[in-house]
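Take a look at this one chain, the form predicted alone, written out in structure tokens.
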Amino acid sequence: MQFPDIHVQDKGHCLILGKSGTGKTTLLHLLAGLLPLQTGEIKIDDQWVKSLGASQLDRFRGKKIGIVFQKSIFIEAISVMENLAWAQHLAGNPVDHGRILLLLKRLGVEHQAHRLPYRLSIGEQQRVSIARALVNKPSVILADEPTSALDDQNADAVIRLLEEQADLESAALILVTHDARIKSHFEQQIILAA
């Protein structure tokens, strides 16, 4: 599979569109360092990702890349607050409860901080996923099909929320989807063909 060159600056937003099977999620996983590169290069904050060893890549990913997966994934046995604290700890950062609460407040779910994730609505889980992606002040936010199961109004709200949060964090936002409803939000668009 061959992908086009992608250049996104701080606070830049890029939409990658394509039908099922065009490699959108594969591209996102390559950008996140979750899959090894066979060819090409990925550079984030002047760091060539391919040059990092496995443990270096884990630490780099934790600090520099925030990922919002299509389906929210949490450690179900611990609270929302503990899930976000764990993300900070795994990245090698000190746990900052103030930052966690600030993000949860900004995203309108601070009242859920001490609840278990499975007790939250799907929309609340999605907002907590965004908070987790932002908790370590990443340079890049990657979002995989964040609107696929949402109606028009909620899809629009989620895109605005991701854009707003990326701008507040001075992070680049790269979103992959097949959802053409959100095209009007993005100047920079890349369409993957089968």
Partner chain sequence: MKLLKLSFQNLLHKPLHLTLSLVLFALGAGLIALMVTLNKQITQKFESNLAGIDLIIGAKGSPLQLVLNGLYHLDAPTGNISLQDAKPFLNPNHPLIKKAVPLSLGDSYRGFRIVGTNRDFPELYKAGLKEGVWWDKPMEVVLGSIVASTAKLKLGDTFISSHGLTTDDFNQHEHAPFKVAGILNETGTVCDQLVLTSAESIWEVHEHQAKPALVEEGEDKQDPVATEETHDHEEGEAHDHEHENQADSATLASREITTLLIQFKARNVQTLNLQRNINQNTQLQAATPAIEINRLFSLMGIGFDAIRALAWMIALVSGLSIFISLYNSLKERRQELALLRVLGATPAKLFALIIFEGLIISILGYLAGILIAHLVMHFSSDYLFQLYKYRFDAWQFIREEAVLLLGSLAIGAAAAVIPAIQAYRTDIAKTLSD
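Everything numeric here is computed off the predicted structure, so don't read it as measured data. Numbering follows the first chain given and starts at 1.
Just so it is clear, the following notes concern the form predicted in complex with its partner chain, a form of the same protein that is not shown.
J.: Going by heavy atoms within 4.5 Å, which of 37 to 45, 164 to 172, 55 to 63, 151 to 159 lines up against its partner chain in the predicted bound form?
T.: It is 55 to 63 that comes within 4.5 Å of the partner.
J.: Do L120 and its partner chain share at least one heavy atom pair within 4.5 Å in the predicted bound form?
T.: It does not: once its partner chain is placed as it appears in the predicted bound form, L120 has no heavy atom within 4.5 Å of it.
J.: Does L90 make contact with its partner chain in the predicted bound form, using a 4.5 Å heavy atom cut-off?
T.: Yes, L90 is a contact residue.
J.: At the 4.5 Å heavy atom threshold, is R115 in contact with its partner chain in the predicted bound form?
T.: The answer is no: R115 has no heavy atom within 4.5 Å of its partner chain.
J.: Although its partner chain is absent from this view, report whether R127 comes within 4.5 Å of it in the predicted bound form, heavy atoms only.
T.: R127 lies outside the contact set for its partner chain.
J.: Is it the case in the predicted bound form that K24, V49 and F186 each bring at least one heavy atom within 4.5 Å of its partner chain?
T.: Spot residues vs its partner chain: no contact at all.
J.: For the stretch 61 to 93, I need every residue with any heavy atom inside 4.5 Å of its partner chain in the predicted bound form, listed N to C.
T.: If the 4.5 Å heavy-atom criterion is applied to its partner chain in the predicted bound form, 61 to 93 yields R61, G62, I67, F69, K71, I73, F74, I75, E76, A77, I78, E82, W86, A87, H89, L90, A91.
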